[in-house]
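Heads up, the chain below is alone and in the form predicted on its own; it's given as structure tokens.
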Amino acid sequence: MSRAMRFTGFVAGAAIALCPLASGAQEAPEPPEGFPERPLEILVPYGTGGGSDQLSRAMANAIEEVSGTSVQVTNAPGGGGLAAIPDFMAAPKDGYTMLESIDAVATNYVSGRMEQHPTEDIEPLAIAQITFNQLYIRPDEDRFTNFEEFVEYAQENPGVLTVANVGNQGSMERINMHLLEQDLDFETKQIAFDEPSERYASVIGGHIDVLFEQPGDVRQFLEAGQLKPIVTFFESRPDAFSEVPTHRQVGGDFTALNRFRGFWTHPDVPEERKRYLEALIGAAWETDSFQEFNRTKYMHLVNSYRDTEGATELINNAIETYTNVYEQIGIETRGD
């Protein structure tokens, strides 16, 4: 793939920039008559302890704070985020069940692994987080201590080093790694874990060599000195990681893909309930408690909120981008 062809479409990365988030109190939206009369549910397609789980529980608490309505979080991991989709599609179309998911809805749809179009067959309510990625090693790793030494080791031992992630072929994680390896001429082996605790323990325990992850998800391990970032996939160095080089600075000639996380409902849910849920998430996102949560996850470094209209645009653009990238690097798409 020529460098000129790299990421000709929108990327959930090129369109965001480092900037502070707004914060403040938000009044609860007026609910439609008779809704909700019982607790809401957020269905999380990943295990406990990871970014999706943390976001969903923080959002559930903020919704309860804003509206007084209880919110139950249910984890249904498996299949790289796909195992929960049938349960969500089979749930009553009454607005009580929301789906939390990530950019994997775009990659899985483009690859053909997911039948549902992520803005048509399921309807986005809002995006609540957009964040960059990093590679992490153990601080006591003795084969390499920084990104330059990591690449040198990988070049001398092609296909030996293992990278833990949550993605399957064509995922955001694997596309970023593919492009970086292509530009720097090295090769690693990608290992996917649905359970975040297994993913993190595999690296900290020395069973896997490197972790591909977002900094907010592993902050506790960073602060405990159990993981060390060696490269940031972003256009410039965030202040919180000013000592870590970006993929551009180490020779990656591409716009990095970022992680986004949000909430979906079923399109057949009554319109007034969908708009209420959208407004409810927006009000919850504005609360001081949720803003503080996002700050602890480094989500204050970019403007990461999108309402239904903005989320729909972001996801549709992501579908276009991944379709273009797949075609450029030879990954089969649903249209092939």
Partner chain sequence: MENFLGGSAALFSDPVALTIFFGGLLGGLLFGAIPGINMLTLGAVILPFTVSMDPTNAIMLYSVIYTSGVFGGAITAILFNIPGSPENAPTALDGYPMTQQGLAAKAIGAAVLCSSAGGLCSVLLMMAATPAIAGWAISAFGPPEIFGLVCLGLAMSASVGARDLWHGLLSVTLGMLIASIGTDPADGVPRFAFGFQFLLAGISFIPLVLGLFAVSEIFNQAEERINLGGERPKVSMELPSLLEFWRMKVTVIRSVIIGFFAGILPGIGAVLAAFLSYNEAVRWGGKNSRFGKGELKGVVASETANNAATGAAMIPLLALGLPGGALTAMMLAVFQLHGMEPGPLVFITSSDLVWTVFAAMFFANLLILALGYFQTKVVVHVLRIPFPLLGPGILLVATVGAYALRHLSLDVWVMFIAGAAGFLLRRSGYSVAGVILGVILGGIGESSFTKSMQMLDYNPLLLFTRPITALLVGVALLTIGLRLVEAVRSSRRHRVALANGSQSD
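Residue numbers count along the first chain shown, from 1. The model shown is predicted, which means the values in this text are computed figures rather than measured ones.
Form predicted in complex with its partner chain: not shown, discussed below.
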- prompt: Which one, 151, 244, 250, 82, lies within 4.5 Å of its partner chain in the predicted bound form by heavy atoms?
  reply: 82
Residue (of 237, 228, 266, 174) lying close to its partner chain in the predicted bound form, criterion heavy atoms within 4.5 Å: 174
message: Within 4.5 angstroms, counting heavy atoms, which one of the listed stretches 67-75, 251-259, 229-237, 119-127 is next to its partner chain in the predicted bound form?
response: 67-75
Heavy atom distance at most 4.5 Å to its partner chain in the predicted bound form, all of 39, 204 and 208: yes
message: Test of understanding: in the predicted bound form, would residue 214 fall inside 4.5 Å of its partner chain by heavy atoms?
response: no
task: May I ask you to check whether residue 220 falls inside a 4.5 Å heavy atom distance of its partner chain in the predicted bound form?
output: yes
- request: Evaluate residue 296 for contact with its partner chain in the predicted bound form, applying a 4.5 angstroms cut-off between non-hydrogen atoms, and reply yes or no.
  value: no
- prompt: Does residue 193 reach its partner chain in the predicted bound form, with heavy atoms at most 4.5 Å apart?
  reply: yes
